[in-house]
Every structure is written in structure tokens, then in C-alpha cells.
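Listed next as C-alpha cells is one chain, alone, in the form predicted on its own.
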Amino acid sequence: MSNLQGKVIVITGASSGIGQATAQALIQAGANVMLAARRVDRLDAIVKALGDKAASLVTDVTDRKQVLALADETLKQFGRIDGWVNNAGLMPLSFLAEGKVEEWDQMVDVNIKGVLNGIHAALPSMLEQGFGDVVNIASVAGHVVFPSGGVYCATKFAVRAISEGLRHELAGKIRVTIISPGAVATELTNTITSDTVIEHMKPVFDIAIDPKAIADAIVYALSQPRDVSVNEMVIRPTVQEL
């Protein structure tokens, strides 16, 4: 029997890409999943396909009240929260001189504050039951900085710092895993509005791997015995250099 049998995992950014693939992989492993995203039509379609072990709630991760409501709804429907995957993110890369300040604000709000809101919502029930898993999706951009990625990289460095802080504070109670994907075939590049950056990034995402590779890594981390904590994984296409 899978270690995930009957567990309840919340996934943000679950309407496509890594989030959707993770929901599918967790269901196959025997878990129950609560999907969160902003697109109700996508959520409804995914839940319908996954069956009665899945539920969803439209959630904007930048709104703390909505994220707290997500935790409450999960407890209402499934009775517990065993894991929380902070996957929602934006990547509108641009050169700093372009001055796309609204996009900078969006990245800070979603990529950093969204993770903090998820942690804040997940911890009370996890600490009450004495265990739990927080999985934060960072990026290889949380390890290196590149032109056009100054703000995005900063947000992903922040995710790794927050995750390490949480791991230190709650060692022995809550397991914390950082997943740092390289180029993955998702909708993330759709948020780029800089024509120069779009052209520059095309070769990178021509080599993108399937989101299932990241989903399988998340399932692996969550499936470990309680005395084993997978703290960080960096997962790239084999040919990716960055």
C-alpha cells in the first residue's frame, strides 16, 4: 500500500502544468487532492476527470483570506491536511530597464506572498496533528541569476530562503521540500510580455520536459517514511545548461 493512501494534499496553481500533473500523480498514488487556482472552468474539468478523490476551490493565492478559506474547505471536505504544495507562480521575465513595475509587483505577490499565505494556512492543522509536508516550487532561477530574470530570480531565491527557515524552525514536526524545476512545458512562459525576452527564451523552452517529471518528484518526496525528509531537488532537461 502506498504511503500516500488516504492522505490529503492541497495543490495551488492546479489548473494546468505542474499542478495538474501533480494532482493526477497523487490520485494514482492513493491520495485525496484539493485543487486551487483562479480558473473555475479548468478546475471543474480536472476534478471531473479525477473523480471523487478530488475537489477544488477557486483561490487567488495573493488573497490571504481566500487561502485560509481553502484550508477550511479542505478540512470540511476531507477532515485533514497532510500536505500542501505551493505551486502557483508567474514568470513575466523582462529587463529591469523596461520598467515593467506592475509585473514585478505581481511576481512578488504570487511567487512570494502566495507561498507565505499557503504556509500560514497549512501550519495550524498540521501542527495540531503533529506532522505534515510543505512542498514549495522554486526554480533553477532560485540558484542562478540571468539577464531579464532579476526580479523572477529574486522571488525564487526567496522561496528557497523561506523554505529553509521553515525547515529549521519545525524540524521533526513538518517536513519541507523545495522543488526547483528547469525548463518544463507549462503555461509559465505565457506571462512574458517582453518581445525581446520571448525571442531569447524560445530555444530554452524548445527543450522543456513534461510536467509529469516534476509531479513524480513531488510524489517521491511525499511518499517517504516519516523519518526521511527530501529537502531539495533540482530537475532539469538533460541538455539544459543553465
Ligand code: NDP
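When you see a residue number, it is the position in the sequence shown, counting from 1. Here the structure is a predicted model, which is why all the values come from computation and not from measurement.
Only in words, not in the display: the form predicted in complex with the named molecule, which the text now covers.
None of the heavy atoms of G83 is located within 4.5 Å of the named molecule in the predicted bound form.
Within this chain, R38 lines the site of the named molecule in the predicted bound form, having a heavy atom no more than 4.5 Å away. A residue is said to contact a partner when one of its heavy atoms sits within 4.5 Å of a partner heavy atom; E187 meets this definition for the named molecule in the predicted bound form.
By the criterion of a heavy atom within 4.5 Å, T74 is excluded from the residues contacting the named molecule in the predicted bound form.
Out of the listed residues L166, L116, V151, V110, V110 is the one that sits within 4.5 Å of the named molecule in the predicted bound form by at least one heavy atom.
A single residue from the set A121, M126, I137, L93 has any heavy atom within 4.5 angstroms of the named molecule in the predicted bound form; that residue is I137. Judged by heavy atoms within 4.5 Å of the named molecule in the predicted bound form, the contact stretch among the candidates 48-56, 175-183, 24-32, 192-200 is 175-183.
Contact annotation for 153-171: a single residue, K156, has a non-hydrogen atom within 4.5 angstroms of the named molecule in the predicted bound form.
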